[in-house]
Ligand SMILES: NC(=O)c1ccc[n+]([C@@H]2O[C@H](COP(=O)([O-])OP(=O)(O)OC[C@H]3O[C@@H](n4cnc5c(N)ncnc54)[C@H](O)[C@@H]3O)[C@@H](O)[C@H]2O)c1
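Let's start with one chain on its own, the form predicted alone, as structure tokens.
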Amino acid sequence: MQPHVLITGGSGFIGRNVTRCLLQHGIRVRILDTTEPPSDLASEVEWVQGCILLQKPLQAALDGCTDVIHLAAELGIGRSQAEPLRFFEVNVQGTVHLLDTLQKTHHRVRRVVLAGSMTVYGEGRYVCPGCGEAGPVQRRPDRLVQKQWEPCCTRCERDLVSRPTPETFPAQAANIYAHTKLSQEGILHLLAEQAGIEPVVLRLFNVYGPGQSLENAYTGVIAIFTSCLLMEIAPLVFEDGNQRRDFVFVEDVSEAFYRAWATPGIGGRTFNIGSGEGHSLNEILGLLRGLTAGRASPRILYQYRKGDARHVVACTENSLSGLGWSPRTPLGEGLGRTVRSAREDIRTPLNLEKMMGELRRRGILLEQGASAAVSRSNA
């Protein structure tokens, strides 16, 4: 039986790259998405235009497919706090609809690979220099309004030290988006046997690369920084810029999805997909300023965006042993390719001042003015 893979949300940034990767491996691809097919893929893939929440397009998309890569989702921490109903409809209800349809219809689907998210880890894994393993932690609002950005030990109050987070680390979703992604995982595992499929979850860390959207200030920070610097606009940086993230190039992520589709015997497993290295936003900005020759200095805001983690880095040992996967693109090379692509297609980033106003209006920014109220609430 010739493999025939359905990619839900296949016209998005990651979806387009996964599609190209599968096509290069000689796999037939069908895409279900609400948009028109991208011009560079229109002649190479089958296309079903429609929403995953609707029965008719979903059934048409599943017909004859042997596997599903489930990418369809709303993205972004800030947007999720402002539009919780939309996020639960698309992310949670959409996943339920997919699994329920497979459960109730005759199908050929062998495996569903879900695009999970590192946001389910919350602050991730930390250790205390004096007390040892800290377990799941949360940052205290009274420290945040005093610009004390690091999580502290609940026993001795010392700053904690970040460590790579393994898949076994307890989930602690701290925002609506993370809750929907964690729900997707649970639904997939709970309904997999009834639907007759093998579930596999890839928890993606900060994916970046050419062609990334500028509409999401959380997932597209490298794209937004690059666009700002090319247009001589000062990039905005929350907190002090020393928060670290795990950036992984989109082509490496696409290869991980291929491995998750192709590798036998991994049904029921979850894998981190990241570089295994942490880089601060200040470090990223320094590299990008060199690559773009950008003269605009970043604006360090010293403000906390609710739901953000301080440091999150992937432990990738499981992905190497289980998928035979590890990232191949060094950060400098990936950033260079991203900048070269952006020069050829300069796009205006988000209206940064408008974005800040929206965050304030929605109560997502924790600012210095909140310190008195926080102090009273903790008294």
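This one's a predicted model, so the numbers in the text were calculated from it and none came from an experiment. Residue positions are given as counts along the sequence shown, with the first one as 1.
Keep in mind the form predicted in complex with the named molecule is missing from the figure; the text below concerns it.
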Any chance all of Cys51, Leu71 and Asn206 sit within 4.5 Å of the named molecule in the model of the complex, going by non-hydrogen atoms? yes
Among Leu281, Ala256, Val90, Leu99, just one has a heavy atom within 4.5 Å of the named molecule in the model of the complex, namely Val90
Between Gly122, Gly116, Pro235, Pro151, only one gets a heavy atom within 4.5 angstroms of the named molecule in the model of the complex; which residue is that? Gly116
Looking at 177-185, 281-289, 262-270, 132-140, which lies within 4.5 angstroms of the named molecule in the model of the complex, counting heavy atoms? 177-185
Please run the contact check for Thr66 against the named molecule in the model of the complex: heavy atoms, 4.5 angstroms, yes or no? no
Whether Ile224 contacts the named molecule in the model of the complex should be assessed with a 4.5 Å heavy atom distance threshold; does it? no
Would you classify Ala195 as touching the named molecule in the model of the complex, given a 4.5 Å non-hydrogen atom cut-off? no
Is it the case that Gln55, even though its partner is missing from this view, gets within 4.5 Å of the named molecule in the model of the complex, heavy atoms only? no
In the model of the complex, which residues of 8-38 put a heavy atom within 4.5 Å of the named molecule? Gly9, Ser11, Gly12, Phe13, Ile14, Gly15, Leu32, Asp33, Thr34, Thr35
